[in-house]
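First comes one chain, alone, set out as structure tokens in the form predicted on its own.
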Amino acid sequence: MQKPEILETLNRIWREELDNDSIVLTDESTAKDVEEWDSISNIQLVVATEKFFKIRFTSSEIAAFKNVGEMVDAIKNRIG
């Protein structure tokens, strides 16, 4: 799976989890760019992402993500 496909998959997952079909994530997206993305929903988003891709992020990894693109990179590294 390539980065654009991972990003589009994240868009689908996050739209569903946040119940907002207008979300459009980019590599540069942060919580400031998505109204529903707060500290509580962040947990929900990470869990849904891990479940879909059948991976696990470490706590330090999650804390270090500066934007969606860094999460996409971490997913790509895990799934190959």
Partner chain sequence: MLFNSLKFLLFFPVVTLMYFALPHRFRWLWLLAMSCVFYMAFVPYYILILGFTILVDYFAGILLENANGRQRKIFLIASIVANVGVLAVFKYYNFLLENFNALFHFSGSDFSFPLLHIILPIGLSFHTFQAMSYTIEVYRGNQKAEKHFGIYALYVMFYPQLVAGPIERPQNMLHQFHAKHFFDSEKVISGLRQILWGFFKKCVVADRLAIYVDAVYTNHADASGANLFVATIFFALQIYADFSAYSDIALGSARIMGFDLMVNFNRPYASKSVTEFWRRWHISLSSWFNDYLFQPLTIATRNWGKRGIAFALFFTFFLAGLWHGAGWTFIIYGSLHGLALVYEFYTKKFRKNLSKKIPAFIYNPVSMLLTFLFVSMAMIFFRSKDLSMAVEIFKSVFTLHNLNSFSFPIMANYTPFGWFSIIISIASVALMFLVEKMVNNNLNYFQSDNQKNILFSSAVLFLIVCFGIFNQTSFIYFQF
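Numbering follows the first chain given and starts at 1. Remember, predicted model here, so these are calculated numbers, not experimental data.
One more form of this protein exists, namely the form predicted in complex with the partner chain; it is left out here, but the text below deals with it.
- Although the partner is absent here, residue 18 lies within 4.5 Å of the partner chain in the model of the complex, judged by heavy atoms.
- Proximity of residue 41 to the partner chain in the model of the complex falls within the 4.5 Å heavy atom cutoff.
- Taking the partner from the other structure, the partner chain in the model of the complex has no heavy atom within 4.5 Å of any heavy atom of residue 24.
- With a 4.5 Å cutoff on heavy atoms, residue 57 counts as touching the partner chain in the model of the complex.
- At a distance of at most 4.5 angstroms from the partner chain in the model of the complex, all three residues 47, 50 and 66 contribute at least one non-hydrogen atom.
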